[in-house]
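There is one chain below, alone, in structure tokens, taken in the form predicted alone.
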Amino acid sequence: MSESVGTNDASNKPVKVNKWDTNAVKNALDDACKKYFKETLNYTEFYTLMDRRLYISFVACLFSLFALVYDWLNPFPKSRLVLIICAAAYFVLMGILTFYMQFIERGKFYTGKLVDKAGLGPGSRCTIASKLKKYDDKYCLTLKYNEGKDDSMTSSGAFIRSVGNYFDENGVLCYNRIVADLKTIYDQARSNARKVK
């Protein structure tokens, strides 16, 4: 039997995915992690990783748009040099975007901060990354917890589980199961960071 809760509220509606679609399964698990950190732990999400990706894409699209408009105003023989420059710039920016996603983001899908309610401490930051290879059922989640302004009080935790642990036979996400694993590694990383103090 499924551990998911069915209600009329759209935000609490059970998540159902095609369990053979690796991307859909990974996205559903990632969204469940985000939901836990936002709603249960009251973390505030930072979108800087995704914003940088959008800025690079936006500039690349501006080069494409400029080439299109310039070619429309000055037909091909006159616009040859501008088209070459814009196409080369687009190609370079897509290379930068690919490098950024592969080596800087590295599967990170959530970065959040928990502000100290008393206002005395600097709060804590949490970064979550996940990996699920195509045709593989092993979901790898890594959590990096940092308490304080510097990186001296940093701890991390990780787990590798089969996606079958989190979905029932109909492809419905069992939210309570992933929350239990998340809570375990979060509490472990948090206690390890406090031991460093």
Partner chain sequence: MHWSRKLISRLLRYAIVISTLLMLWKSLILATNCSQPILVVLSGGYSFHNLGDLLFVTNYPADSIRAGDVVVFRIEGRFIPIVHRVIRVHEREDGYVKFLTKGDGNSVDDRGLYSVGQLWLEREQIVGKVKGYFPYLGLFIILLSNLPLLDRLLLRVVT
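What you are looking at is a predicted structure, and each value in this text was computed from that prediction instead of being measured. Positions refer to the first chain, counted from 1.
Here the subject shifts to the form predicted together with the partner chain, a form of this protein not shown in this document.
J.: Which of A87, I104, I96, V115 has a heavy atom within 4.5 Å of the partner chain in the predicted complex?
T.: By the 4.5 Å heavy-atom cutoff, the listed residue in contact is A87.
J.: Which pick from K34, R161, K144, K26 sits with a heavy atom within 4.5 Å of the partner chain in the predicted complex?
T.: Partner contact (heavy atom, 4.5 Å) among the options: K34.
J.: So, M50, L54 and F91: all three within 4.5 Å of the partner chain in the predicted complex by heavy atoms, or not?
T.: Looking in the predicted complex, the three residues M50, L54 and F91 all sit within 4.5 Å of the partner chain (heavy atoms).
J.: So if I measure heavy atom distances to the partner chain in the predicted complex, which of the stretches 132-140, 153-161, 168-176, 58-66 falls within 4.5 Å?
T.: Going by heavy atoms within 4.5 Å, the stretch is 58-66.
J.: Though only this chain appears here, would R80 touch the partner chain in the predicted complex if you measure heavy atom gaps against 4.5 Å?
T.: Within the cut-off, so yes.
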